[in-house]
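Coming up is one lone chain in structure tokens, specifically the form predicted alone.
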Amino acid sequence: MNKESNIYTFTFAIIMVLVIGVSLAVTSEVLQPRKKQNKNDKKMMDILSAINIDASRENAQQEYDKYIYSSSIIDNMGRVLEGDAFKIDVLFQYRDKTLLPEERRYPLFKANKDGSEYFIVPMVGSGLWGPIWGFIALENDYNTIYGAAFDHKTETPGLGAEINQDFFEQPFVGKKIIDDNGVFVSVEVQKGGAQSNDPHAVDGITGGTITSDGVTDMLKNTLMIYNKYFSSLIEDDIKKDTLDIINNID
């Protein structure tokens, strides 16, 4: 074949495209298990970060098994469903605009650290340029925040992107999602500074108003769902305590 001809050039180009395409497809398939494991490791690290456990990819599974002892799935009414909570991708659900509210599934992870029980709640919301997400750990009063971890992909550096920094996450510790009257109020990220003694507010990020508002909405919209589940647990505890008292009287 004449190497100077157009036929040779086109044939060579087609063969190279096929070879490269097949090579990339095979490589992708071979690496699929590793990609899945890396994704799982990152998710375990994120979950553990809410209870201040700094895991790495090398020990993520070991630390996860050490601290996370149970998980559940609830629906938008707070009712428990069957299934594997770890497999639920809240970010995928958030991006699926065809998914109805009653079709969404909410994973919940239960941790035991130093003899204390914590409930870890995954969440996702909207920032200025795209999704933001995070994990909140509540103490066993279903009210007090023990730890918070947030992240993003496309927020503005130096502004909204700062939600994953300690100076923003740390103030959430000790805040309450229920007021003194037992009403769910969540925690608000306030522009201009929150009062230090306000149990339901933290400071926003200067210049990152939209991202701060996104965190506020994310917290409220997500924790409102989980609070329905926690309320049912409290009711069950009250009923159990009442029965115990009656049985002791008898």
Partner chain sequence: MDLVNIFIKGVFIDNMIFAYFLGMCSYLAVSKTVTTANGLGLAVIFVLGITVPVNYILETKILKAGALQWLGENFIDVDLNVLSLIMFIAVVSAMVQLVEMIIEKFSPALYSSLGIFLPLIAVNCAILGGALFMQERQYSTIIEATSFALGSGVGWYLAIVAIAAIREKIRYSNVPPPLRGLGITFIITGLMGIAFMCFMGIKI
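Residue numbers count along the first chain shown, from 1. Superpose the two forms; the largest set of C-alphas matching within 1.5 Å is the rigid core. Quantities reported herein were computed from a predicted structural model and do not represent experimental measurements.
Omitted here: the form predicted together with its partner chain. The next part is about that form.
Of the candidate stretches 177-185, 193-201, 22-30, 61-69, only 22-30 contains residues with a heavy atom within 4.5 Å of its partner chain in the predicted bound form.
At a distance of at most 4.5 angstroms from its partner chain in the predicted bound form, none of the three residues Arg79, Arg105 and Tyr142 contributes a non-hydrogen atom.
Residue contact with its partner chain in the predicted bound form: Trp129 places a heavy atom within 4.5 Å of it. Within this chain, Lys87 is remote from the site of its partner chain in the predicted bound form, having no heavy atom within 4.5 Å. Though the partner is left out of this view, Ala55 does not reach within 4.5 Å of its partner chain in the predicted bound form, counting heavy atoms only. Shown alone here, Met224 lies farther than 4.5 Å from its partner chain in the predicted bound form, counting heavy atoms only. Contacts to its partner chain in the predicted bound form (heavy atom within 4.5 Å) from stretch 193-221: Ile210 only. Fitting the two forms on the rigid core leaves the C-alpha of Leu233 displaced by under 2 angstroms between the shown form and the other one.
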